[in-house]
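Shown here is one chain on its own, the form predicted alone, set out as structure tokens.
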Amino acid sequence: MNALDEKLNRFTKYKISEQTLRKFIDYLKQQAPVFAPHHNGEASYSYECVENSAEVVLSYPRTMQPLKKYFLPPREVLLNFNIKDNTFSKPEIIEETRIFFAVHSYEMASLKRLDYSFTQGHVESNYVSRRKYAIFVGISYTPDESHFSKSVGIDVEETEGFDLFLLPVGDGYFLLEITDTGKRLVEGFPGLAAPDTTEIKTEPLQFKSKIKYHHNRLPAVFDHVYKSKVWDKYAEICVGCGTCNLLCSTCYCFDIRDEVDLDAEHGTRTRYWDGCMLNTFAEVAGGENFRGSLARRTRHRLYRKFKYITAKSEMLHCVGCGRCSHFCPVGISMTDIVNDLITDYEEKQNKEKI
């Protein structure tokens, strides 16, 4: 038995059919709002509030937008103001229990990284309030051509951060109790039999997309590739649309806009998602842009994922979800960029030895 199986077998678990699992979703809906993957068109998926448990998708590659949209909304009013009275008020952030169901391990890992980013220095109170009472039910998945979470140290069956976890087995699932919160949810559900004592034996999952170095070595690579020719190579392909930023589960850059109503009296201060790959992101007064080229913007984006924040948090801030690669309109792959950087790094190291 490998270390992963030993870890999984320590948890109390129940064998549950898919039909019973959907009844469990109905039960959870009685406790709090439940959000889970749904079909969004023919080939896309999105997290949505569950109205009908039959519409929840249990086997899916990834959602288009990350789970962070529920904790850091794409558009958020930070305050309302009145110019005439010189007054303002902040919208109330309700701290409520919400259940997020059928979440993949890389998604949970991304929230851990956002937790770090938003609790350092000045705490982002809106995010923390939304995150406070969240409950998470994880689920295993089969890697597709774009997933590379294993390359950044995140197992498919990683249970950290979850309250319950689902593992497919035969024609049903193992439901694992991870935390006391998860245990209480299971104990209140009348549809389960006694705990199952069958040993879990996971099969090694093959990732088609891989980074050729161990993830612990990547920050060191980025010590030597700041002037690499690789940045120009991918800048020639990139169209600067910002899809990689806006779909990334760990990006949190934003723009703030004060918008005045037509009555020229009332207005709002609103926060919008923004991204370093967009041309105007680094534009300052006078029209100067200190990151005007696509090569510089690409470099900054990857250094944020593999070097800058990692140096402080000791966590890579790429979780290998594959959204940036999968949805890129010109087919740029994150693993291709990193592997090309590794090749460039190796060439430089070999030259220094000569």
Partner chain sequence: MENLAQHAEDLYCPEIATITRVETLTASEKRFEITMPGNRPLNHKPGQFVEVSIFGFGEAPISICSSPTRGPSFDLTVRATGRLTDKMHLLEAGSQIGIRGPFGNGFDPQDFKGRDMLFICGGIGLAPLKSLIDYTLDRRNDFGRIIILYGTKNPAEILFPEEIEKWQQQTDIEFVMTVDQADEQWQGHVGVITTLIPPLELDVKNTIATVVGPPVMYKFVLMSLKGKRIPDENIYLSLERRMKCGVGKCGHCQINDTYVCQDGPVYHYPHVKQLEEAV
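All values reported here derive from a predicted model rather than from experimental measurement. Residue numbers count along the first chain shown, from 1.
Beyond what is shown, the protein has a form predicted in complex with its partner chain; the following relates to that form.
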Is there a heavy atom of K90 lying 4.5 Å or less from a heavy atom of its partner chain in the model of the complex?
yes
Can you tell me whether T159 touches its partner chain? I mean in the model of the complex, with a 4.5 angstroms heavy atom cut-off.
no
With the partner left out here, check for me: in the model of the complex, does some heavy atom of D163 sit within 4.5 Å of its partner chain?
no
Would you check, heavy atoms only and a 4.5 Å threshold, whether K183 touches its partner chain in the model of the complex?
no
Listed residue that, although its partner chain is not shown, lies within 4.5 Å of it in the model of the complex (heavy atoms), from K208, H214, K201, K227
K227
The one option of T97, T119, T142, T179 with any heavy atom within 4.5 Å of its partner chain in the model of the complex is T119
Can you confirm whether I83, R131 and F254, the three residues that make up this candidate site, all sit within 4.5 Å of its partner chain in the model of the complex, judged by heavy atoms?
yes
Stretch from 283 to 291, 51 to 59, 22 to 30, 313 to 321 whose residues place a heavy atom within 4.5 Å of its partner chain in the model of the complex:
283 to 291
For the stretch 38 to 64, return the residues whose heavy atoms include at least one within 4.5 Å of its partner chain in the model of the complex, in the order they occur.
none
